[in-house]
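Below you'll find only one chain, the form predicted alone, shown as structure tokens.
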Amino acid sequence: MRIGFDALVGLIAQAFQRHGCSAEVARIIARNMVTAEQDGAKSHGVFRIPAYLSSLDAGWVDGTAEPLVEDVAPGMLRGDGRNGFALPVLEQARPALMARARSNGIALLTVRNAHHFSAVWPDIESFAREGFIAMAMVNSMASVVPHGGHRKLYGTNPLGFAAPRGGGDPLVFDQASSALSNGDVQIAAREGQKLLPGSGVDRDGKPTTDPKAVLDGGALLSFGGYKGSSIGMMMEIMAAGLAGGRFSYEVDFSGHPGAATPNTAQTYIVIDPGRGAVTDFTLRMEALIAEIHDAGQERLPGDRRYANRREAMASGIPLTEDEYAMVRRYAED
């Protein structure tokens, strides 16, 4: 079946309000989740509703928290989620962040004490549509073994990047520093699929392609060996270290059964490319992209998501009957 964007946002927001979120927080979270679903990122869409709501029900996250955003330097803002979700902090800081980037050429927002549990590209795509380059750096709960290590230490720790183009959709990518996301592992376990070799280890530290073994005391591996591990470390430093939030290994769910969202940190950087480029930035972007295509790469990062989005906007967001029933159940029960 297919459902419209606004209708699905309304149902999910209703579910979050029923589980203790304010109307505004529920709307922000629902729009982010539906954006991921319409873009085809099943691991970050309605699949995550139960974990979000379980975290709210456990008292682990405050769905009514009002963010604090402090002006600490001409080009820097500092946010405190007050144990709420991270996205409302970014939403509150967004106008000031863009104004500072226009004024100074660059601006930075750090966010601490906030739960980020979804895709990163919806956070930054809108900046690129306003003509900015944007980056997002997020750390998560410990689920990744550092290269050569014997226990999980880093989170999946995604990096998001967005850049405007001369016409059409901006160039946007969002990738974990781990071999794959926790959501992808959970979906593979649910559907009885195997992981690719090099994705994870079991509780004894032995390589495994069994997603259930990774989830049951095991851990993920970084992509690209030590290179991905270094990026995961950088995300810990740039997110938790810079913001003064929890490192991934400091997230402790033990006192809140059912909790799943990581109370960690995030850093967002927004750049006005017109201040840095001596020529038209978008023209240089198009020159590079033309060469990428000429070199044989047909699909750019984000192209598949944009194609999914166009189809969903025209025909509705595809959901299975079970997915739709779950959404309705949480919204109405």
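What you are looking at is a predicted structure, and each value in this text was computed from that prediction instead of being measured. All residue numbers are counted from 1 along the displayed sequence.
Keep in mind that the form predicted together with a small molecule is missing from the display, and what follows is about it.
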* To do: Determine which one of 96 to 104, 140 to 148, 224 to 232, 251 to 259 lies within 4.5 Å of the small molecule in the model of the complex, judging by heavy atom distances; exactly one does.
  => 140 to 148
* Asked: How about T208: is it within 4.5 Å of the small molecule in the model of the complex, going by heavy atoms?
  -> no
* Looking at the partner-bound form in the model of the complex, is T110 within 4.5 Å of the small molecule by any heavy atom? -> no
* Asked: Is P164 one of the residues lying within 4.5 Å of the small molecule in the model of the complex, judged by heavy atom distances?
  -> no
* Asked: Heavy atom to heavy atom, is G183 within 4.5 Å of the small molecule in the model of the complex?
  -> yes
